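In structure tokens, one chain follows: the form predicted alone.
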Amino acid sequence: MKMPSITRRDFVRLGAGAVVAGAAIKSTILDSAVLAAQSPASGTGRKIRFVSIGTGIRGCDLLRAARQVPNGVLVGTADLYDMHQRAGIEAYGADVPTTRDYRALIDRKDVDAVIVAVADFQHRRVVLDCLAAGKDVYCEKPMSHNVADGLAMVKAVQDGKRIFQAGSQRVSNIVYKKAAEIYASGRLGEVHYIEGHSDRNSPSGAWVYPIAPDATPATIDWTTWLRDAPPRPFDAARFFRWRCFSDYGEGVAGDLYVHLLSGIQCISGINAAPARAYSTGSLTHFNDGRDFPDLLATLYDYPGVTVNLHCNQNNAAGEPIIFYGREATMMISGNTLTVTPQDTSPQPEGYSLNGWTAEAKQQYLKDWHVAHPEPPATLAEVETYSAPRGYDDTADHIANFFRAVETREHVVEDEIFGNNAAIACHMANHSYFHHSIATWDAAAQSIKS
């Protein structure tokens, strides 16, 4: 008996936990990689002494994750906002020196590495200062605020021969590593289309964060915070909601696309800027004075692959990435990977025979079945792979960075990888705001309309 094929609707339901009739399910819980990543290959037991520049939302998240990595030790933090300084110390759980002037930290000879978690527009200055001080750098995503910043950072990393890791943690996620293994094996067959989206439906998901009651020019060094942006009077909303504004951030592309793009690069092995990008979208529900749309959809041209991304801040539909292969479809949703086989067995023509006579149709089917004997019945097997409960890929990503600082091994999400993902984000925004197709000019290293 021939098993029924699995439709796209069935597949999406399966990814959400439903079982498709006629398909066997093989489920595997992956072993956590974090313990292996935490063990330095040299076996010296050396502690990586690091400082954190930026202890706001993401900075505190990184410090909480870094607590799980035993070969790292925090020795100082810096932030321009007094409450952020206190929050960073609480997040790591250690009483370390904290300051507004990060240069006092990177000048210390006992500091090996720096975690940079400042606003996008500050990445270039902070990272270049850290590299000039001889430090290895972990920089939060997106790597750059614009193309020129990214190119300057790549040059500085390579000139200084430092370890650099961009902070899109999915490239260290055990589920994404399994997906990369499956993709490289060829089991999906030809893959020419990849789809991903990241959707939210809340004020917080649209960065409408509350304004802290103590936020004043006395508690926030507004002048220094604006050092690489146009001057303006103190505005706490811009400080806390900086992702909404093009002076400081990259909107949904820089905050959300970058995760999808980094995951796709990691899995597919593509490590290049897209040739073209075309964006459309709108600013509707969260039209609160921000610069960026709350709905963005972009089509990218990569070598041999079309990538379709969208981010919607008006509906929460999850964050799937789907690879459509001729032999199988692979989807990652959260920390679960699902591989569903395509039915590629030969099939007799059906629809067009409606224009044939009954006699001609019967003869065609008779001849077809003679030429295609019925193969033995096989049961389609859907595979799922999941990370264990409580798995933290941010801890894995930081552990991999510390390991590279110790061993001088190459990191996957290096300055080239991070820059290519960031360029794709910049191209999406360029296309949206210029109402045109954005083209990457590799020779000129610039975006053209």
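Throughout, we count residues from 1 along the sequence that is shown. On a predicted model such as this, the values are computed, not experimentally measured, just so you know.
Beyond what is shown, the protein has a form predicted together with a small molecule; the following relates to that form.
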Just one of 418 to 426, 402 to 410, 66 to 74, 53 to 61 has heavy atoms within 4.5 Å of the small molecule in the predicted complex; which?
53 to 61
Are all three of 122, 167 and 225 close to the small molecule in the predicted complex, meaning a heavy atom of each within 4.5 Å?
yes
Picking from 323, 176, 300, 102, the single residue whose non-hydrogen atoms come within 4.5 angstroms of the small molecule in the predicted complex is 102
Find the only residue in 244, 131, 331, 78 having a heavy atom within 4.5 Å of the small molecule in the predicted complex.
78
Does the small molecule come within 4.5 Å of any heavy atom of residue 114 in the predicted complex?
no
I'd like to know if residue 140 sits close to the small molecule in the predicted complex, meaning any non-hydrogen atom pair within 4.5 angstroms.
yes
4.5 Å heavy atom contact, residue 239 and the small molecule in the predicted complex:
yes
Considering only heavy atoms, tell me if residue 84 and the small molecule come within 4.5 Å of each other in the predicted complex.
yes
